[in-house]
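Let's start with one chain on its own, the form predicted alone, as structure tokens.
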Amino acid sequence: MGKEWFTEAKFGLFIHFGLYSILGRREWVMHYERIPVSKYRRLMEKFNPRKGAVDEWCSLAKEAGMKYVVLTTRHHDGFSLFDTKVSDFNAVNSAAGRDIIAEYVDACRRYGLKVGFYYSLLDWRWEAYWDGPEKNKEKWDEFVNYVHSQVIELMSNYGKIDILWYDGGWPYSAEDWRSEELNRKVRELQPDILINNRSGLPEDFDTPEQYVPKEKPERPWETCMTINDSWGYCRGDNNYKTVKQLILTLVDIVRKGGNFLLNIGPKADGSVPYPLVERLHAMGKWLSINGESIYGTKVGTVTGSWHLGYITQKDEKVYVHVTKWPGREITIPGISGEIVDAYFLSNREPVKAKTENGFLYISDLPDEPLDPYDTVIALEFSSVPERVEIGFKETLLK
């Protein structure tokens, strides 16, 4: 299938999990609280997620309507969830005594999910990272060789991998990390892999973080975002986005041609906090009804936004996402074409719709929306509809 799956998938699960999950004070806790390496290392004695937890993550992704998963194989603290030969600071040497990444890959495949590996280039435990390549070139090269070795292990030991999601390249350049050399090796091992833009090279797709671009980006892209304010588990962070916020963010991203990578931070035992589960289940329920208006859509001739919602499109088929229910009628300027069928996506009940002089009119609607988050109306045109420029002054002063 190559790489085409990515632009059609639209929705994926991001998972931040590691030693920091034990402390429950976010994934940067080692840095924020200046925890010495020797003290932080002792958390390995407590790291023992219950067996089956990884399976639950993938089951949750499937239920949420997600098509792929990206898991932190190693975050900035340097703790590897995989069996690595170049560091003893890993899950196999922890109380868990097993390779969490191997379990994860197996679970993804059983649930039919594409497999993504997050990998942080930086490692706070290495003095060479803090000193940089200029201060001690020999130590820097040793550090970069360690990074390269781990990435090659990940690309060699777990079968086909679909995404390599770098992070932590700052403040150094692609040349410092020898990213071109590394990514060439990666592609030799994984010809179909997609690589993000965080190794200092543009590669396959961009990764805006915690925001949606105002305009459609020119390159393939994916917004990564948290459900509350934290990536890793934080027991005191209750600032959760609502289900409606998350669904509308998904639609906004999709109508601009992007993917939504939505994050969870499991607890130390691997369980996912209920508020996260609740929201993902609700999104999955909405997608089970309205997924046709999301998956496989492209930026089309009339795709965009309007003052009461968004529009997504598949060639001759247009989906009007009504997020602010107007009551009995809808008017959208700037759309031309012959409508041959119109109906609510949720129940296939017919809807009265027509185009006239560059305006789309939808009428005789119920007083209340069919969906509390986003009611979708499907419009089938006889051919690909056209965008028509409707002047503000000229129209109002007729």
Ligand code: GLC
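Predicted model only: the values in this text are computed from it and were never measured. One-based numbering along the sequence shown.
Below, we refer to the form predicted in complex with this ligand, which is not included among the displayed structures.
Among Phe79, Trp165, Tyr233, Tyr104, the residue placing a heavy atom within 4.5 Å of this ligand in the predicted bound form is Trp165.
In summary, among the residues Glu175, Asp269, Glu209, Glu127, the only one with a non-hydrogen atom within 4.5 Å of this ligand in the predicted bound form is Glu209. In plain terms, the part of the chain that comes close to this ligand in the predicted bound form, with a heavy atom within 4.5 Å, is 22 to 30 out of 22 to 30, 332 to 340, 367 to 375, 48 to 56. In the predicted bound form, this ligand sits within 4.5 Å of a heavy atom belonging to His16. Interface residue remark: Cys224 is counted as part of the site for this ligand in the predicted bound form, having a heavy atom within 4.5 Å. This ligand is not drawn, but in the predicted bound form it has no heavy atom within 4.5 Å of His321. Contact check for Trp286: no non-hydrogen atom falls within 4.5 Å of this ligand in the predicted bound form. Here the marked residues Lys10, Tyr68 and Tyr111 all miss this ligand in the predicted bound form; none has a heavy atom within 4.5 angstroms.
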